[in-house]
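This document contains two forms of one protein chain, each encoded as structure tokens and listed individually as structure 1 and structure 2.
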Structure 1
């Protein structure tokens, strides 16, 4: 921004501690009309906390927030809204059983003659949605919408409240490719109308596409602010972590033969009407297999059906040569599902309790009580191994940053020492160095003879570790590619249009 325009928003020397533990020690940023400011930082750096302060969700201990140069007091989300600040949450905060229009107007229903003016509400909602370039019906129920559409409804709500500053905290992590592109368009049009966008993400490519400037946070401090044009992706990573990351391949692809042993898992003729069709594959000892397909291709369905979370119409499983039902398999696999909220983390409970959860039987004493000492030492090992950022093992999981919660999910399974791992987007929400940590772990597991079936939307990530790829399209495994396949081959494999015969089949 040129020096003669003054910022709409300034935050100066913000501090915040939770129970004496500092989450933010010195955070400052400024943002100008019509720009998107990226707020970057490793897991636990304090991004969400800073945005929650700006959104009036939590109070600050110290520091100064100004809009148009005027100091403001923020004691509640309502205060923030009055100052034109809106928050598009990652975990969307909507009323699923109400209509789109009702959600958009929830805190400001138009009243005429003492009644809610439904027609007016729908008309205005329609206009806002059109402005965002989408054709969602104002009368549709929110529960019928995709995640991407729900997010647009939240943005429409922000527009309705005439927000001048809109905070996006990891907005794309649950969106499909086209939904992501649509969101970028929306951000572009918000900027064109003079709105300030604060944009948090762990996807580096996004900030270079969407943002004009960035502020980098490290350990609760803002350590850098500049125009995007002054940094490269490598520089941003360096600023976030204070070190340089190597993003290359972690081990050469291997071809595992069975060495006379039955495969760890063998799947034959697995299918479910409308979702999966005639799926056949094996997982051998010590291999990392990438399940590669686009969002909606059936990746998640395949993993869920394998362990009985969704039903199967047909198919037979064998675990180490023995027939097994999906439910039986479930008891023997490490599973990270796509839905972090559904992982069954007990948010009010401590980290130690959460990590100990699936291995509870192993941690019980002879009289059936949980062995605290063992549980604690297990938690300490995992906290160190995965570098989980915590103030103590007794901290409630719900108070960890998003990425660190994901690490807790992972450590729960490591603790049970299964041989088969089914991982659906295990690094979602993790910063680059935490991603590398998880990928290292996956490699380690394979070296120990475990087998990993890995789903990731980030091809670069799969290409760091996979020994081979199973390509999935429309619920079918259509191709197998070797670990040496390059980006072009992998992209071709998923974007090839289905042949008419395939569609009819």
Structure 2
């Protein structure tokens, strides 16, 4: 409980649904003047939706929002601004070709004699920047600034509007070590002036450094609120993930034998600035390796970099003992992305067209056109093999259920017969039955000799199938655990706080 007797902000029983699907079912929080409240939760927990409601970006369906005990209605970002609420987004909303001063005052330019008062705008901007402890020139173009400096400009805009409540959404995700420290000092100064800070992050060490209180969301509900002194990092992870006892393994952890065959994949010294650091690991025939870490730890970045979707600065790859570039590796890998609708499928196209997409080279006729008979035959085989529930192969894939869409994603790669599968949250958004089918398919792939690198935020899923675990934090593989590791060991591995030296490295 805060030393302040009354909260500045109260949100009670907030609900929000999109197309009939609830993103928030029962979200509540309280925030006090001069404090930072950490809003934590796994991906899909509802925290971003809740903050977008508070920022006026989207409207709530039900629930109560009060400032100083008075109910308010937020229908737009302008409404939020009028109530003293500012939102510093993860993707900064700035105009790069305009000056710092123009960005700070973009929604409320000072006018004198019918013209923009540039001198007054620059003078006020300079005062705000000094307040934040930075020496950025008000006349500098935003496109010339670092990400950290751009963020300070965004915060200056919030101060200009005299915001009493400032939402920070993943504020350090693109910052260097020194820039993070400077941001923490800004947060402390904001608290000292009585501002309410709502702080969303996936980095546990940060909330213990800058926040006084914590609210945890899971599955659209607020499940915990307390002072930071009442929780440990391990407890926060437990609350976020809602981990329970293992439901039972689908197969026993596999012991790596010394069959003399080279690894299917060997990675040495892989790095990309701001995302990955000195990543080293191997994948062997027939094993399922869990890439275990919290959201924002670098899991997706690692998978994307392996196949060239994101560039690498350093690193050497080998496939079955032979050097390979990410582009060359991509031709031998089945990649299931975390966003099947945005990146994995062409929703208006037919099931047959989606399944045949990676196999087009082998489906061409002598004149270079797609052989529809071969494409349809391939689709029929995959529909039967994976038991995809469809009305016909010509059905638009966007009309399928989530589980059947995910089967289509898998089937397109199965058709190319890769030996390596990189799976990023393959069961996200699926019902229990569909999840079980996908996990059984993953086990089948391993038993056929394929190697699987599996990312999942659901620890129980990993524990049902994995032969070993690679633990990732802040873009580094920090630990390897055997498939027999228990819940406590796995939770401890991701809840260990990085030292300031490790963060800055």
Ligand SMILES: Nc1ncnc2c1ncn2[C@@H]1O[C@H](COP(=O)(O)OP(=O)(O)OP(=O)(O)O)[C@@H](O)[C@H]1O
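Numbering follows the first chain given and starts at 1. Heads up, when I say rigid core I mean the largest set of C-alphas that superpose within 1.5 Å between the two forms. This is a predicted model, so every value here is computed, not measured.
Two forms of the same chain are shown on their own. Structure 1 is the form predicted together with the ligand. Superposed on the core, the two forms differ at residue 328: its CA moves 2 Å or more between structure 1 and structure 2. Core-aligned CA deviation for residue 278 between structure 1 and structure 2: 2 Å or greater.
Once the cores line up, the CA of residue 422 ends up 2 angstroms or more apart between structure 1 and structure 2. Here the two forms are laid over each other by their core, and the C-alpha of residue 485 is off by 21.8 Å between structure 1 and structure 2.
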